[in-house]
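What follows is one chain in structure tokens, specifically the form predicted alone.
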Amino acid sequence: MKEEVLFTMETPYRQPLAVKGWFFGAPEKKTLAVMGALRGNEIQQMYLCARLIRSLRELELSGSLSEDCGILVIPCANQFSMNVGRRFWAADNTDINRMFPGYDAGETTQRIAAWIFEALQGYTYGVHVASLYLPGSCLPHLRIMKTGYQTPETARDFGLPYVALRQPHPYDTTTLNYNWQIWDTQAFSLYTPTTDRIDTASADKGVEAILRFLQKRGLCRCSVEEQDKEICIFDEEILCNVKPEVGGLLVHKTVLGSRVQQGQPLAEVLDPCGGTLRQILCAPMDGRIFFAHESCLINGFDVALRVLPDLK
């Protein structure tokens, strides 16, 4: 294992931002790169990478990594925002994951993205441990951008039960996943249920998925539980959003991952002060709860739940 400062940047009124990477195996091979927290509230994503570093250190010491395997893990690239409790770059509220491939003579977050992308380029596989843009929890899954270079069948080697294929919108073209693919890296975004709080169980599942992928690719020897569940690869567009027409207190009647039937009550929206029932949110079809809004308060027409329909 080799710990290295990839780049350092001066920040106003605080210590310089030093972004570190951890290298394993043969770094010149550039087999797998893992990027963790790009946003200041991605505590779970940073934690997952820390667990991965510990596991890879043990595998390397035991001689379990292949000679053809070179791995880079960057747990966090936004300590500045993390330290002040902001999701985006604290100085101007811009999102590093909307700045790729970056511009080394541009604004601050453009320069950070450029330096990160320089470190991550050239790897055969790339995993971005990402967080949802919606405030809530989702089932563990992989997401792949449909750039024309995507390899969804390769995603089966992670062993996660769901793989979502996303048709890129214009704002997706500046994300790490999209640009990795354009620059010849097979890229996957890995999602676990939480963002700003640690969920040890799902973090361990994420680490196991990455190690399982390395094992399936013949890049390491490790003991990882095989997944016997069928893997569902689907277009993200089929997820059905369930939205209230009014705001209020959101009371869930189901839990994340539950199977539901069409017309089944999923949640209630209550008047925050009087407690009267404003709306019952029902399942639009048979399927499974894939995403659930986490806050107890919700605005009208916010996404309360997303349902993955039963796939024939």
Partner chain sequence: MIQEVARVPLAVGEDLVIRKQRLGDGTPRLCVVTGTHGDELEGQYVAWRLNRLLQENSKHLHGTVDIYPALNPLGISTMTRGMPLCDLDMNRTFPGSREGAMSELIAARLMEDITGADACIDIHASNIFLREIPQVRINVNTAEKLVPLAKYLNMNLLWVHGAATVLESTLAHSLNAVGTPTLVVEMGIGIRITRTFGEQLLTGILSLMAHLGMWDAPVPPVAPPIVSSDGAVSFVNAGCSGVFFPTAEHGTRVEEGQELGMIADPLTGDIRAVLRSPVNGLLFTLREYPVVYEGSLIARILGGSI
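Residue numbers count along the first chain shown, from 1. Please read all numbers here as calculations on a predicted model, not as lab measurements.
Keep in mind that the form predicted in complex with its partner chain is missing from the display, and what follows is about it.
> Which one, 197-205, 230-238, 133-141, 120-128, holds residues whose non-hydrogen atoms are within 4.5 Å of its partner chain in the model of the complex?
Heavy-atom contact with the partner occurs in 133-141.
> Considering 108, 147, 79, 186, which brings a non-hydrogen atom within 4.5 Å of its partner chain in the model of the complex?
The residue from 108, 147, 79, 186 that makes the contact is 108.
> Given that its partner chain is not shown alongside this chain, does residue 87 nevertheless sit within 4.5 Å of it in the model of the complex, heavy atom to heavy atom?
Contact with its partner chain, yes.
> In the model of the complex, does residue 173 come within 4.5 Å of its partner chain, counting heavy atoms only?
Contact with its partner chain, yes.
> Indicate whether residue 255 is a 4.5 Å heavy atom neighbour of its partner chain in the model of the complex.
Because no heavy atom of residue 255 falls inside 4.5 Å of its partner chain in the model of the complex, the answer is no.
> Although its partner chain is absent from this view, report whether residue 298 comes within 4.5 Å of it in the model of the complex, heavy atoms only.
Residue-level check for residue 298: yes, a contact with its partner chain.
> Looking at its partner chain in the model of the complex, which residues in 15-50 have at least one heavy atom within 4.5 Å of it?
Heavy-atom contacts to its partner chain in the model of the complex: nothing from 15-50.
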